[in-house]
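Quick setup: one chain, the form predicted alone, written in structure tokens, and binding and motion questions come after.
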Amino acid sequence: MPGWIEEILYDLGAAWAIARKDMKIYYLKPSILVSSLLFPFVMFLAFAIGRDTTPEILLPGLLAITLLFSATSIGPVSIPIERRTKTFDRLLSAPISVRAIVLGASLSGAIFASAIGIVATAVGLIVLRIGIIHIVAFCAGIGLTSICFSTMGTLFASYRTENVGEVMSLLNLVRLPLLFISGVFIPIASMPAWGLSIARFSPLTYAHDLIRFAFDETTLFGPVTDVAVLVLTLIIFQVAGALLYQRSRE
């Protein structure tokens, strides 16, 4: 077997071990449950109450909010805590690549967010009485959005602090503006030209567009473009995260 394949398999095995560790330790922590469940629910109520809109608009909006907050809840909590207990230092000194560390920390958040997104979808389909038209687009939307924003959370957790609140404060400086420029609260079609220009730089714009396409075939950019942008954003976040954590190792 070529050496590069063995290296990839080794990294994947190490990443999965890190993800499983985070899944066992952090999934039921109160701070994570509040930030990934309660806060998105309150935001959704603020978005939905008093609005004359269709279920096909409401459910994609709920999913976009839920995936954004749940995916970015694990890494920004687990990594500062492990810095405090010095277990993260031992992980950095382990004979595994930084790529595996970033991927493993991101996988745990992605799996967490995907599970919550699927449950939220099941409840929404029953309550709102709608169906999924494009199951492939739905699965791609849930999966890519989860791993993309989980990696973003891991990227922010590279800030060298042992305080979870400091990472979350920095993260909220990005998460909250994303909600308002990405078509979740304010339809992109009704934005001025400058608003649309800003929205194009937000990965949440394409995530929301892809998820909505799965429910009512409404799309501004097309599912292929949505997937391509999310994959590109994921790669950028992974590479940036690996570079930042490499500095911590050095």
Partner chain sequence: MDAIEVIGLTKRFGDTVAVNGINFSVKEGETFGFLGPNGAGKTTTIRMLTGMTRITSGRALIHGHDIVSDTRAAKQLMGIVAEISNVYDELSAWDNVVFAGRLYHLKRVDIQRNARDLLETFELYERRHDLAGSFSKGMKRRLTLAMGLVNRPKVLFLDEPTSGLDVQSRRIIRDVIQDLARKNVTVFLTTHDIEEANVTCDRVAIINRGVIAGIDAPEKLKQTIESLQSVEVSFDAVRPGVVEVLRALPQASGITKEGDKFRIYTADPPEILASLCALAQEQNLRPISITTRGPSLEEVFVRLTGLSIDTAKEEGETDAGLD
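No experiment lies behind these values; they were computed from the predicted model shown. Positions refer to the first chain, counted from 1. We call the rigid core whatever largest set of C-alpha positions still superposes within 1.5 Å between the two forms.
Only in words, not in the display: the form predicted in complex with the partner chain, which the text now covers.
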Would you check, heavy atoms only and a 4.5 Å threshold, whether residue 89 touches the partner chain in the predicted bound form? yes
The partner chain contact at residue 200 in the predicted bound form, heavy atom, 4.5 Å: no
At 4.5 Å between heavy atoms, is residue 234 in contact with the partner chain in the predicted bound form? no
Residue-level contact is defined here as any heavy atom of the residue lying within 4.5 Å of the partner chain in the predicted bound form; does residue 94 satisfy this criterion? yes
Triplet 56, 58 and 129 all within 4.5 Å of the partner chain in the predicted bound form via a heavy atom: no
Residue 28 C-alpha shift between this form and the one not shown of 2 Å or more, rigid core reference: yes
